[in-house]
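Below are two forms of the same protein chain, given as structure tokens: structure 1, then structure 2.
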Structure 1
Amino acid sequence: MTLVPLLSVRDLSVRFLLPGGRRVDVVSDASFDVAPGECLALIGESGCGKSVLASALLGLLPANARTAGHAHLGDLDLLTADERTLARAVRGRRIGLVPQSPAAHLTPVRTIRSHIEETVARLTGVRGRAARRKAAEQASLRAEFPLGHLDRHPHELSGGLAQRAATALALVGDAPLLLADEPTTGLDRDLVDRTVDELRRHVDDGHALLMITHDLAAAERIADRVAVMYAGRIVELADADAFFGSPGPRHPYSRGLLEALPERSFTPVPGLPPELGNLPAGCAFAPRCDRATDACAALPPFENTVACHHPVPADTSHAIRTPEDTRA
């Protein structure tokens, strides 16, 4: 792909400073791009650092967090921008946030129309009641929220419509980058599919989408590329077709995660993820990895698409070959 990235993240690290001088590296050296018209899915187990990475991009980290690296959105570095810029010019305007739980994002006592009109007033230059009303209805239509339901309150909506209402809010500012953190958690499969298909439409309309999820089926359905995170590091960054189809993931952890699916071998990755505050030296996956060798005591650099000393060979479609075999 030769797309010009909209968001370009380089060596992003986030650490939390804890009482007693302790330090937890929650995100380490993350680098990736997202282009307009493209969806990058960031996948990984809960607690691996995905949401902290999203908060870093939005300038919503708690006070004890420290960041390093760069996250360029156009010419703006999100990591060094001041809160005033982020609040007034970035959140909602240049980055639209699709929330995890739409219900928690909507005020129970106000109608959906009132939510959207308020957001229109806050984020756009539209002035005057009639114009605001029209802009709110246009945003609703873009999110396929039925106009007949605009005067309802959040509790009068099904889960799917509440999700569309939240998406409509995220679209009001017409932000070029959409960021969705677990937008399908707790929804049933039909609703996951519909939510994901709607988000995909916004990608096809030219938005860039960074979607954070632990739902591999949702990621497969929507993503152009996949970034796999383990213990705060991106360990694989691959084309979605190659990742979910053939030749499949190359990092042993990604492979294990996919193999755990009930439609595949339904076998868990053995063990538990490490504590971020107590990471082993070298590859953090080593205690759970069946390919680990002495070399894995050193941190594997990210090369091509994976950070691993012994990635699964790219071509396993004909026979299982080890690197030694190929050389012989």
Structure 2
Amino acid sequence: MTLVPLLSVRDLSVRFLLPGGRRVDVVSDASFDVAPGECLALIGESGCGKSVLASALLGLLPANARTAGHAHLGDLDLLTADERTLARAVRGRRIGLVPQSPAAHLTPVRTIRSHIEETVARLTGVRGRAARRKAAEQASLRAEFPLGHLDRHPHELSGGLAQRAATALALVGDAPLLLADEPTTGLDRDLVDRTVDELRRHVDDGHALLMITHDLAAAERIADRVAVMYAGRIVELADADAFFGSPGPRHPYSRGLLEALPERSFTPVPGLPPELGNLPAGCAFAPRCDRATDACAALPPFENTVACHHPVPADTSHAIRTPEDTRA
């Protein structure tokens, strides 16, 4: 049975207008869906536009940004909604956010407890002091945030603790869609696994999750589907089992990301990604790709889950092999 998407994004583009008439296309023609009970992991190198895409969905772009396309959350188009609607009806209530830089989203003169209790009162309507305190502690425990640190200020927390505090805040409103931008940054491996498992429980309860991450191990642990972004474009959409297992990703860049992992072949993707303000007319990955031909001078269409003129054939003979597979 095909689920009705909770979030449906079509042809989302974001450009920044800079002094002197310069234009930077940061996100180009992104299209994807996220359904209730599903996690879509958005992966790719730093600077490819992932966080800008997230900011566009929440109306948090700078004044010099311009958007195009559609991003429907139910019957609401997030790209055309006014600030009043976004502030009062969307952020926290319909979309919970785990920000990429949590310390910047926390008020430095207030304790973590006061942050969470205020969010509880605003989003859930709980007013009694004891009830707010209990709800705040429950949210903290869900995010693996130690109760003994609730009365500390943001500057007294490590980066990992600040990340967990931000996760606790995002879970308070029980929003139908959770947008997590690098939610495992600064956490050790054990805490990464526990944080991801809590987010997975949130998904399994019927919520939707769009997770932006560099951590492919975390993505493999939690995701139902994977979207790969390169130079502002989504170049592949795949089921997580097929992406991380067999037959593996079909776009050469996606395959390179996996092959760069220590548990795979530990071979880095050659070269560097292009500057978003100076993108080639054709395939942006072509200068780094060993499958590139003259055809790659034209922009590849997105067909059959991949945007590539020369995708890796979709058969199990091309599946990525781990060292354990090789030894076997």
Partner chain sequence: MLELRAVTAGYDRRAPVFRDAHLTVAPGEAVGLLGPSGCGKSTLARVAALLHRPDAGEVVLDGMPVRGFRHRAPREQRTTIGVVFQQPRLAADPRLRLTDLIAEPLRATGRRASAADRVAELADTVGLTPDLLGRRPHEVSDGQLQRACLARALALKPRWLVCDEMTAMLDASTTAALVRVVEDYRASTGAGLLSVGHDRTLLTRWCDRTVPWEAVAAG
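Computed from a prediction, not measured in an experiment: that's the story for all the values here. What we label the rigid core is the largest C-alpha set whose atoms superpose within 1.5 Å from one form to the other. Sequence positions of structure 1, starting at 1, serve as the residue numbers.
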item: Structure number of the form predicted in complex with its partner chain; value: 1
item: Threshold 2 Å Cα movement between structures 1 and 2 at Pro247, rigid core reference; value: no
item: Core superposition between structures 1 and 2, C-alpha change of Pro154 at least 2 Å; value: yes
item: Rigid-core frame, C-alpha of Thr85, shift of 2 angstroms or more between structures 1 and 2; value: no
item: Distance moved by the Ser114 C-alpha between structures 1 and 2 (core-aligned, Å); value: 2.8
